[in-house]
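Next up is one chain by itself, shown in structure tokens, the form predicted alone.
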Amino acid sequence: MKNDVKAFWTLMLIIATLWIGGCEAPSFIKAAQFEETDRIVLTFAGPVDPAWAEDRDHFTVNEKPDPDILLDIASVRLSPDQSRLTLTLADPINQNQPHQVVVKEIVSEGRNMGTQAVTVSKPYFGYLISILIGALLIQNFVFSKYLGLCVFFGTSQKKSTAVGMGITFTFVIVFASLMSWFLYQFVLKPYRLDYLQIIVFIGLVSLTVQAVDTVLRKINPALFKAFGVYLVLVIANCIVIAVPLILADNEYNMIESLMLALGAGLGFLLALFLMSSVRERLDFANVPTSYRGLPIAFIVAGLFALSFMGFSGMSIF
């Protein structure tokens, strides 16, 4: 009887091990990564046959969301140790999308290792940093998308006001964006109320601004007076509405939403700081009468926008 019970539990342990670990053979492809703008590098567990590697028909590449559209492979190159293989594609790769590489009938040391598929994508940490840097510099909402100009020109006359406004705006946009993401993912989408997202997002922004207004009035009355009407105008700032809409459209998760909102807020802070630094010096410059005030401010903003165009197409990860 004891032997039967022992055999039963041994069998259950084996089944559980197979269930958890799986009975699938380990992959012969150990790593796959993007290289430059048009290459995918595969690293194998051992050397592969050069004659097999030279045949481009053994490889197919496609973007994972579009499995039916195969990308053209221009060349295949095998490393001297025969364990690294570089696929060069005919066109640049959209590295923002994960790609699937299918390797057919791998031959290693005379043995057929079978057909295997592997997914190639950016490192997730690099993807998060690219969202942050993109909103901060590459696609700055002020200098690239020309949003939030009312508050931008109104609070960029002095550095103290600009920095305070930038910090307050960053706090508002991060908090409002995370609340908008939560409501969109767990309320609007499940109940098919997507068409109400603009109304809901505006309401959340209004509540956030009102909360900041109340707290600032109590904690720092001087900064509150310096902001004047511009703190209330944050409600009508297009950036605060644009970020939640982008989050909903791109289906970002919470961390990605945080990176975009933080990048947008810091980008607005950077724009205010740069503009206020120039406008303080313009107060002592010999500016023609007809250009003083907002006209010269618009010209400076245009020059900053031209400068930020230099970041277009920049890719860090």
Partner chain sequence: MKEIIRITIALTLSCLLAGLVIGTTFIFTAKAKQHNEHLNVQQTMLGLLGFGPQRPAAPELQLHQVHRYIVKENETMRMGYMLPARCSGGGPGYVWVELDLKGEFLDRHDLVLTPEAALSADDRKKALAGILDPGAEADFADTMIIACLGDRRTAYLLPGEFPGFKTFIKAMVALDADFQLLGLEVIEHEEDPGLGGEITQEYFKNQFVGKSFEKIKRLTVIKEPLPADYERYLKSMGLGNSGLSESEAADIRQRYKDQDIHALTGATISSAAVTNGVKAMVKKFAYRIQVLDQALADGDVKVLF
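Residue numbers count along the first chain shown, from 1. All of these numbers come straight from a predicted model, not from anything done at the bench.
There is also a form predicted in complex with the partner chain; it is not shown, and the following applies to it.
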property: Contact test in the predicted bound form: Leu196 vs the partner chain, heavy atoms, 4.5 Å; result: yes
property: Proximity of Asp66 to the partner chain in the predicted bound form, heavy atoms at 4.5 Å; result: yes
property: Glu105, heavy atom within 4.5 angstroms of the partner chain in the predicted bound form; result: no
property: Partner contact for Thr155 in the predicted bound form: the partner chain, 4.5 angstroms, heavy atom; result: no
property: Answer option from Thr208, Ser130, Thr168, Gln139, heavy atom within 4.5 Å of the partner chain in the predicted bound form; result: Gln139
property: Interface stretch in the predicted bound form with the partner chain - options 278-286, 66-74, 263-271, 45-53, non-hydrogen atom within 4.5 Å; result: 66-74
property: Contact at Asp91, Met309 and Ser312 by the partner chain in the predicted bound form, all three, heavy atom at most 4.5 Å; result: yes
